[in-house]
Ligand code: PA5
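Read the single chain below, which is given as structure tokens and is the form predicted alone.
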């Protein structure tokens, strides 16, 4: 199971000015944490609570449909192209990068077991889009367009470009190369999919994009490239039992949440850094940045009071960012809580040859790259403790479907718990919706004329 080590946030390690008395705080917040966990689990089935993501590990029906579709199209496509932005892409990108063989898209068909390559278009940069379209054979590409609302401007503009090209290239058969993942009842994409005859997968109600990685948004691309989605669900179900425990000393999501909340409210540490020591996990911090930013960055609390609360997430990668950000982490403002993700067992070992023994690097010979990675992580952890910088360590046994699912689900649950501690709604995003409305106005969408005057005043449009 996933393990959490909190001791380097304790005052006995990093001093009273920057550390917490964990034993005392766990006792102080024991009842409140218990109430929060109980409340979240009681509310998860209620419409409008936006907690349906807590049930995704038990969604056997969706898994069955996804696996059936993946079996039907097996061998038909060389490429999967995912169109999406934010929660429609970040989770899929993080998980596939972690679980597929490194450099998956560069491997031969035989090395990929004849499974397709996978690409994510998660931005609207014209050079990137045109560059990818120049190298993809659209006749051999399955396009998965993902937008729950059905009218996300960035995703739908991508889709309009792709649909036009595919129709010109494939003729009437282009519909067989498109699947839509969207809302079950409403939205432009839902309407277009019905009219055009695309295969449709539905995103359940009451699930925000940043909590949707284990819905059809993530499961469809995972299954298409051969990942074991049964193991993903099993990982979630197993850790969900642990995270239902109302005893904070037995619940790592509650511990993780409380440490961050107290470091912010008591010690002024408003920045949370996620730093995996594995290149395969390098996109999980990107997913985490959205999860924390959109969930916790809120102007109002549940009482309508102006609080402007939230944590600022940063991403880092060990050991790479020891040579870019560690100077700041060690000697800059002591306003961060850094979480390391450690992998107990890498899939492979790599020995360093015993050469250059007559030089200053000869000591490395006979060791392994695995040894060096672990030494880098341990040294960084101790160095930060020496400088009274709080750190947490999350350890996973290995990088596979079961353990990656547990890691992401735990981070979702702890985000919900922090939101309750702040007394905010962690599941809306009013600051994002405002920007969307301005985009609609700038691009001439009907019904948004009222924003045009304001835009003209600010930027002279």
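Numbering follows the first chain given and starts at 1. What you see is a predicted model, and the numbers here were worked out from it, not measured in a lab.
Keep in mind that the form predicted in complex with 5-phosphoarabinonic acid is missing from the display, and what follows is about it.
- Although 5-phosphoarabinonic acid is omitted here, in the model of the complex all of 148, 290 and 429 have a heavy atom within 4.5 Å of it.
- By the criterion of a heavy atom within 4.5 Å, residue 318 is excluded from the residues contacting 5-phosphoarabinonic acid in the model of the complex.
- Though the partner is left out of this view, residue 87 does reach within 4.5 Å of 5-phosphoarabinonic acid in the model of the complex, counting heavy atoms only.
- Taking the partner from the other structure, 5-phosphoarabinonic acid in the model of the complex has no heavy atom within 4.5 Å of any heavy atom of residue 255.
- Using a 4.5 angstroms threshold between heavy atoms, residue 152 counts as touching 5-phosphoarabinonic acid in the model of the complex.
- Only one of 226-234, 116-124, 98-106, 209-217 lies within 4.5 Å of 5-phosphoarabinonic acid in the model of the complex by heavy atoms, and it is 209-217.
- Only one of the listed residues (32, 46, 38, 436) places a non-hydrogen atom within 4.5 angstroms of 5-phosphoarabinonic acid in the model of the complex, and that residue is 436.
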